[in-house]
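In the block that follows, a single chain appears as C-alpha cells, in the form predicted alone.
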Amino acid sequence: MTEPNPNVHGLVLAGGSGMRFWPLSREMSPKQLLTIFGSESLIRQAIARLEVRVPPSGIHLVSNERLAEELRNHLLGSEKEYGEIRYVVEPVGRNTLPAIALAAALIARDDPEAVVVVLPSDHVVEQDGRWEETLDAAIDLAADGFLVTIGLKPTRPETGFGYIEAGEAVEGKGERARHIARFVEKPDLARATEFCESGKYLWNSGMFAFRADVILAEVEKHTPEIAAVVNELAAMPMAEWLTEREMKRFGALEALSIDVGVMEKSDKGAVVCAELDWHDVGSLTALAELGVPDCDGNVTRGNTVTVDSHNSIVWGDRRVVAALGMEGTVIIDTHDATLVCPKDRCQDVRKVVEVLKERGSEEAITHRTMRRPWGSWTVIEEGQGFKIKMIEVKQGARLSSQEHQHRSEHWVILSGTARIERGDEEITLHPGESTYIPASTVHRLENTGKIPLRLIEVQNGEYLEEDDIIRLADEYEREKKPWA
C-alpha cells in the first residue's frame, strides 16, 4: 500500500448546515456529524478517504467558526486521535470557490506546488482499491498542472447532478484521464437519459485535485477580486480573519462555486473517469438509496410500524411511529421534531427550516442531545429562568474546570461515581446524592467509576446559553482555539 505523501494536502469542505436533512440534521449538528450511513460519521468517513494518501497534519477542515467548534468536539470524542488535523475558518460562507482558494493560499505559503485534494463532507464512498486507484490518478494529473475533477460513470438517468462531457484522453495518462470537453448543468430526464446512453458523460462528483499554485493562478485569472482578498488573508493570523473588517470584505465577495468560477472557464481541466460505489447524501431520499427496503419498498429505522404503506421512509427514535396507507412518503420523528412530506419534496425541506428560523425556533439550530468529547447532555425541560439536563459522562472522562457568570447548577447523581471539585472543596457523590454549584464558582466534574456517570443538572439564572462557560483548564484544550 502506498504511504501518505507529505506533499499532498486534503481539504474537507464541512461548512454546510444540512438544512435538507432536517430534522435529523440541525445547524449546529449538521449531517456531516451524523452516524447513520455506516459505523462512522460522514466527516470521519471523509477524513478516512484522505488518510490513505494524506498525512494527518496535511488534512484541513474548512468551516465557519461556530461549526468548527462542533467539528472539533465531535472528533475529540472519538477513540481515534485527530489532534493533528488543521482547521480553516471562513470569515463568512461564500460558497466553495472562496473557501477553497483561501485554504489553497494558506497551503501555498509553505509549499506552492503541493497537491490539494478537495472532498465534500457529505458523500458515502466505498473505500476499496477502486477509490485508491482513482485518488492516485487524480493526484498524478494534478501534479502535472491540471485542474482535476473526479467524474463518475452514471448508473441511472439522474436529474439532480451536474454532468461532465469527457473529451480526448490526456496523453500518457491512460484511458481514464480525459480532457474536459464541457460541464453541463442538471439536465431534465430526457437529456439525462441521453447522456447515460451516450457513454460520453459522467456525473460531476464535486471532488477535485490541483496544485496550490495552479488553482491560485486560475482564481487570479478568472476571479481576481477573490484572489486579492484570500491572498491578503492568508498572510494574516487566522484570528484576524474574524474581525468585523475582514468579515465584511470576505462577505462582499461573490458567492461562487468552484465549478462556475474556475473549472468551467479554465483550459487546464481534466477528469478522472471512475466507477465507484458513491452516494451524494444531499437530501433525506439518501436514507432510501442507502437503506435496505422491505417487501413493500419501505425503508424503516427505529420503533416503527408500517401497514398498507409502500415506497416510504419511516424513521423513528424512541416513540412508536406508525405509517398507515402511506405511499411515497417520508416520516422522520426525532425527540423534539417530526417531519412528514412526499418523497419528491425532500429537496424543499430547507423551506421548513427557513420558517423555523424566522420564528426563532431552537429546533432549527440544535438537537436536545449534544455530543461532547467527554460524553453528552440532553435538555429535558426548560422555561423562564431554568433548564433541566440529563448529563452522561464516559468512564474515566472529566469536564473542563469552568465557571458560569449567570447561572447556578444543582446536580443529582443517578448512576455511577462522581468526583467533584467545587471551589476549594473536593467531594465524591454516589447515586441519590446531590450538590449545589453557585454562580461564579469554579467547578469540575469527573467520572471515577467503572460505568457511565449519569446525573440530572438543574440550571437557574437569567441567561442559560452554552456560551456562558469560562474554561480554566481542559483535558481537550478546547479553551485553545487551533485557528486563533
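All values reported here derive from a predicted model rather than from experimental measurement. Take the two forms, find the largest set of C-alpha atoms that superpose within 1.5 Å, and that set is the rigid core. Sequential numbering from 1, following the sequence displayed.
Keep in mind the form predicted together with a further copy of the same chain is missing from the figure; the text below concerns it.
Among heavy atoms of T334, some come within 4.5 Å of a further copy of the same chain in the predicted complex.
Using a 4.5 angstroms limit between non-hydrogen atoms, I456 touches a further copy of the same chain in the predicted complex.
Residue contact check for T338: one or more of its heavy atoms lie within 4.5 Å of a further copy of the same chain in the predicted complex. With a 4.5 Å cutoff on heavy atoms, V349 counts as touching a further copy of the same chain in the predicted complex. Look at 88-96, 220-228, 397-405, 378-386: in the predicted complex, residues with non-hydrogen atoms within 4.5 angstroms of a further copy of the same chain sit in 378-386. Taking the partner from elsewhere, no residue among D188, M236 and T243 has a non-hydrogen atom within 4.5 angstroms of a further copy of the same chain in the predicted complex. Comment: a further copy of the same chain is not present in this chain, but in the predicted complex one of I365, I391, V260, V412 has a heavy atom within 4.5 Å of it, namely V412. Checking K200, K80, R359, R182 against a further copy of the same chain in the predicted complex, a heavy atom within 4.5 Å turns up for just one residue: R359.
Along 298-327, residues N303, T304, V305, V307, D308, R318, R319, V320, V321, A322, A323, L324, G325, M326 each place a heavy atom within 4.5 Å of a further copy of the same chain in the predicted complex. With a cut-off of 2 Å and the rigid core superposed, A68 has a Cα displacement that falls short of the cut-off between this form and the one not shown. Here E246 does not count as shifted, since its C-alpha moves by less than 2 Å between this form and the one not shown after the core is aligned. After superposing the rigid core, the Cα of K389 is displaced by 2 Å or more between this form and the one not shown.
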